[in-house]
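Have a look below at one chain only, the form predicted alone, in structure tokens format.
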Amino acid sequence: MEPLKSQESPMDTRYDQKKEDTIYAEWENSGYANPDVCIKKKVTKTAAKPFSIVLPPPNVTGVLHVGHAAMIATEDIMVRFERMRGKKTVWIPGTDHAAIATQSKVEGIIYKKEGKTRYDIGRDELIRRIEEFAKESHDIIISQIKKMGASIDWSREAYTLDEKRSLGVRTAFKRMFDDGLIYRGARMVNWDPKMQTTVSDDEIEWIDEKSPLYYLKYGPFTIATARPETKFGDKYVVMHPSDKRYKEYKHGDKIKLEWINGPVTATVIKDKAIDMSFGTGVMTITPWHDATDMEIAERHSLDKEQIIDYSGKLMGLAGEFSGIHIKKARPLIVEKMKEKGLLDHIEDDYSHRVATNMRGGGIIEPQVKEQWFVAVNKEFKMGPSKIKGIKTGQKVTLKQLMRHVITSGEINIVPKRFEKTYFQWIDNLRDWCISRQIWYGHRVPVWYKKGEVNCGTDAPKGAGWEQDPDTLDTWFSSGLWTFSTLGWPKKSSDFETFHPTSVLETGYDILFFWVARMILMSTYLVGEVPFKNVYLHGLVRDAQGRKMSKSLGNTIDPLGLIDTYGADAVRLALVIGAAPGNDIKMSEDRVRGYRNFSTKVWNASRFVLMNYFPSKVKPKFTKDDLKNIKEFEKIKKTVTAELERFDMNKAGDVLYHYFWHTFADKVIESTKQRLKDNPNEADRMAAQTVLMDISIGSLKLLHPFMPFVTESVWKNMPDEVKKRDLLMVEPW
């Protein structure tokens, strides 16, 4: 018998990543990302187990960064894996209006171009411009998500500020208002004088700063402060009851002394909150402008006076300094105290942390202000409950619900060590300030008329009603994301099928911002957890392990890398080596290395196809053939098990090393002689069969990780080895 010779491969000699847009278009046109289409085309059974996941919605403030790319790659691996397993799989996309961040961005653009503020152009015009900016940004973001190869169901796309989600927000607010869980009251909040709005505790970014520490003479005491401009109203001197240095002073003692603008009578307060090791161990307090001072004042029923206004200027209590911005006033105040002999000494380069608004960049000034809050410690009667251990009608608090679903195991956090972090945050959780004094976002659904207050999902009928001007914290609307995207508050088959979602994948840095808020909203509003698993990925850092930032000039553009090396190489570089919850170092060299792996997959597959000939001859396997088949079966089980436990890093690493160092370097090399000029067709068919079976299996296993190159290879595979037209729905 004439020996079979290698044939021309149907594959190009090189993989061309420029064709990736065409491949993505084929996926989109197939409709397979939509579970309804999969059922209709019978690639998924009607009774199949569901798998659902929501895309953490990127902010409509700009382009995707490398952190987003890591998130998309990780989630797409989960989704493609479960879809190929035959589950009724949906990945719901969307974007977040990100109220503060978006308004801040647009206001900055307007001021830079026109020299105008929001007050110059008015609320309606500002919102119009923001919406225009958001639409442009949205379109860019969507195209970038597609570049990453995300097999998302775009027919279910949502936006946190669209009408369906807005109805959800109004419904949630009213229900919480009616249950007494949302209230309006005067409490200390984080105030940003720059943006003229409150900021949640979770949106505070602490910046390390060095500044002078001033030691001031306060009667017989010396106090230390970095902010002398807040000291005008200080009339309480506080010390620890156990501090032996001040044992001669009793709680409530009155002391007359000279202060910034003249004589005052100070009252001695003994309180255990004082840090005896800081400064001289004695301090004066400014309750209106400091949370710790406020707590001391509340415990002892002390007076509270506002010294700084909402624009960051000193008020009447500051006397001659009234109306001066605190930055300009500070050196003037220090100079006056020096003249009066009240300045003891100055300690230079005092290191301390300053609170800033991470969205707008302004320095936070604590203020007591009327705002809307969610009460996390107030008991209410639980509505219809599907939560294990929580009964319908049971009295419970939001904080208890948030803790219970983790301790009971209803929600599994990966990696588990973050449970401790979660509980620490829950234990210290204060009532959530949800109102913002910005114009973009969900308007508070409360109306006023002559002392009447009306809260509803729609404006009250009749003339004279005025809506509350405040908007809601962005996290209020994004807290509804798992169920508002599935049709809630209206009845929906999507909600019945896909909620709770199977897993929430997000960065560990927003465990508090978002994950906890979603748990709060879902357990209260729909009586079940929002997701069964939380997978937390780490931060993407530069090659030196530094956090990426524009100021360091070390940011990496994922789209530029995709254009050069292909999406698959970028995906692998972001996933392999990134253990759950751990940060990963990213560099172009790393991506280049995985581009070589894409080439290896392409070339190995090309070799297999060049040596594939359909034949009815029964293959005669050698011991090595059977060993290779058995080894690959073990690889399949290992990869599947790792993906089931959400360890994409291990699964990808196992596949990478197996394909390159075992299949390509050993199995293929060991069969080359048997494929070349071999008159024994049964032996040749055995070698050919082993190669084809492992090649097909490897393409399936690799597809979730590197969908473009595997789908490109699959198009060239013989029809007799395929069950489906596209690899994305080929059985796992």
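Each form is matched to the other, and the largest set of C-alpha atoms that superpose within 1.5 Å is called the rigid core. Quick note: we count residues from 1 along the sequence shown, nothing fancier. These figures come from a predicted structure and were not determined experimentally.
The following text describes the form predicted in complex with the RNA, which does not appear among the structures shown.
Taking a 4.5 Å heavy atom cutoff to the RNA in the model of the complex, the contact residue among His65, Lys41, Lys49, Lys676 is Lys676. Residue Ala604 is the only one of Leu472, Leu126, Ala604, Ile364 with a heavy atom lying within 4.5 Å of the RNA in the model of the complex. A residue is said to contact a partner when one of its heavy atoms sits within 4.5 Å of a partner heavy atom; Lys672 meets this definition for the RNA in the model of the complex. Of the heavy atoms in Gly577, some are within 4.5 Å of the RNA in the model of the complex. Although the partner is absent here, Ile556 is not a contact residue: none of its heavy atoms lies within 4.5 angstroms of the RNA in the model of the complex. For the chain shown alone, Tyr249 is not a contact residue for the RNA in the model of the complex, no non-hydrogen atom being within 4.5 angstroms. With respect to the RNA in the model of the complex, the three residues Met283, Phe512 and His661 uniformly fall within 4.5 angstroms at the level of their nearest heavy atom.
Annotated contact segment (heavy atom within 4.5 Å of the RNA in the model of the complex): 223-231, selected among 616-624, 113-121, 223-231, 449-457. Taking the RNA as positioned in the model of the complex, the residues of 643-669 that bring a heavy atom within 4.5 Å of it are, in sequence order, Arg645, Asn649, Lys650, Tyr656, His657, Trp660, His661, Ala664, Asp665, Ile668, Glu669. Relative to the superposed core, Lys378 undergoes a Cα shift smaller than 2 Å between this form and the one not shown. Taking 2 Å as the criterion, Asp470 does not count as shifted between this form and the one not shown: its C-alpha moves by less than this amount when the rigid core is aligned.
Annotation: Cα of Lys272 displaced by at least 2 Å between this form and the one not shown, core superposition.
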